[in-house]
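Before any questions on how it binds or moves, here is one chain, the form predicted on its own, in structure tokens.
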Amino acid sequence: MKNRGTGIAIGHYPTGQNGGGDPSQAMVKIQPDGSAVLTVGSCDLGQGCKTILAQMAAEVLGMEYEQVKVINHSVDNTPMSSGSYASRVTYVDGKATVEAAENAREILFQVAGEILEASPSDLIIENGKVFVKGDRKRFKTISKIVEVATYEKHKQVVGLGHFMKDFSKPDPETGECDPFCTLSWGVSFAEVEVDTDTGEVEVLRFVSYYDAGKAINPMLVEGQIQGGSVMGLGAALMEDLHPYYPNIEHQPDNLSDYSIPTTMDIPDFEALIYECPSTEGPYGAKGIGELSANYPSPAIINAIHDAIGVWLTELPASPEKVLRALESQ
């Protein structure tokens, strides 16, 4: 017999290292051709941080995203970064990137002010040009300003940025502290079908709805949610590094024996983005990487319980475990 059930899981996840103290730095150099080079230390694991950080720098500098080149391939030649973990790169490296771009823009405005005979505070930057506020006819291109800075003013238009959330020690009496950069929220919903004769579980429908603060690049955020949800599905139903734990015998030692979801295992799926901007995050952004993988598994387990009335307390929910749970009932 096949029984259907639905389950839901909800929770939150911090952005950045617990307690603070995980710095990132960035450097932005504006080139004489009007482009920019952003140098950061965080690596791109497939989450798209090079795209996101380039977008942020381009926004500050009034240029197109394609005009920003991101360099992060060697820690020998890049500024400090604590690393790509703790769902921190968009927030922490983003803050450092924005500061570096703003710093470079200040130098650009200083030189532009001399050329345009205007105060730097009266300048704005848009579409690759620096304008005098209220007079769109008075402008110079970014490339021309950097050319003057390089060949006449003997200046490099280079900005530096740094961000680290200060350590937050708990109050010895109340335990109160401020340990995270920000918190993201998420919810997963699963509909499953359980075969009570074989113990097999099939996920029929899956919905994930996550708070990205501000989705700097909605397509990449949706991809994060999709990827995390598939990882959660694998953890819930397939992946088992120690099937007879604590005995390590029969441990899979190759990718043929270690099962993970394939495209054939992906159910009807929806990835939804909710935006509750962070008050301190770059353009309101929050971290969403690990969050997206946390709630699919409990949602699926809750759905199995709804379908057959028993709780499974160990992952993955293999057919053997489902049948044993039914027998114990």
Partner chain sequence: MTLKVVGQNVLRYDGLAHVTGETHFADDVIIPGTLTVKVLRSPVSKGKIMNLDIRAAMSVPGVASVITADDVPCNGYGHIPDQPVLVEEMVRYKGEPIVAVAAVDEDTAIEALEKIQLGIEEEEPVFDHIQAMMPDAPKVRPEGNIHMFGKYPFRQVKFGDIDAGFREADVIIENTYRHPSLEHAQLEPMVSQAVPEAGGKLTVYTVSQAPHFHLEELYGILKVKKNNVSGKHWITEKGSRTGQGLEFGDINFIGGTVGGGFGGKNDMHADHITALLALKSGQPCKWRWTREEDLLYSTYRGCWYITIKDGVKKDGRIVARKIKTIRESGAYASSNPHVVEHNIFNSTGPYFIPNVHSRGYCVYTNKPPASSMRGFGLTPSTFATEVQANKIASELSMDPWEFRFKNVYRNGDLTSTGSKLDSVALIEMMQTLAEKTGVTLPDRLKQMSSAKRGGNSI
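For clarity, every value in this text was computed on a predicted model and none was experimentally measured. Numbering follows the first chain given and starts at 1.
One more form of this protein should be noted, the form predicted in complex with the partner chain, which is absent from this view; the next part is about it.
Item to complete: Only one of D195, E102, E239, E147 comes within 4.5 Å of the partner chain in the predicted bound form by heavy atoms, so just point that one out.
Response: Comparing distances to the partner chain in the predicted bound form, the residue within 4.5 Å is E239.
Discussion item. I need to confirm a contact call. Of M164, L220, L160, A118, which residue comes within 4.5 Å of the partner chain in the predicted bound form, counting heavy atoms only?
Written reply: Contact check passes for L220.
Worksheet entry | Stretch in contact, per heavy atom within 4.5 angstroms of the partner chain in the predicted bound form, of 151 to 159, 137 to 145, 78 to 86, 108 to 116 | It is the stretch 78 to 86.
Discussion item. In the predicted bound form, is there a heavy atom of the partner chain that lies within 4.5 Å of any heavy atom of I8, even though the partner is absent here?
Written reply: Yes - in the predicted bound form, heavy atoms of I8 and the partner chain come within 4.5 Å of each other.
Worksheet item: Given that the partner is absent here, does K29 sit within 4.5 Å of the partner chain in the predicted bound form, heavy atoms only?
Response: Answer no; every heavy atom of K29 is more than 4.5 Å from the partner chain in the predicted bound form.
Discussion item. Under a 4.5 Å heavy atom criterion, is P319 part of the interface with the partner chain in the predicted bound form?
Written reply: Although the partner chain is absent here, P319 would stay clear of it in the predicted bound form, with no heavy atoms inside 4.5 Å.
Worksheet entry | Proximity of P277 to the partner chain in the predicted bound form, heavy atoms at 4.5 Å | Because a heavy atom of P277 falls inside 4.5 Å of the partner chain in the predicted bound form, the answer is yes.
Worksheet item: From first to last in sequence, which residues of 183 to 206 have any non-hydrogen atom within 4.5 angstroms of the partner chain in the predicted bound form?
Response: Read in sequence order, the residues that approach the partner chain (within 4.5 Å, in the predicted bound form) are L183, W185, G186, V187, S188, F189, R205.
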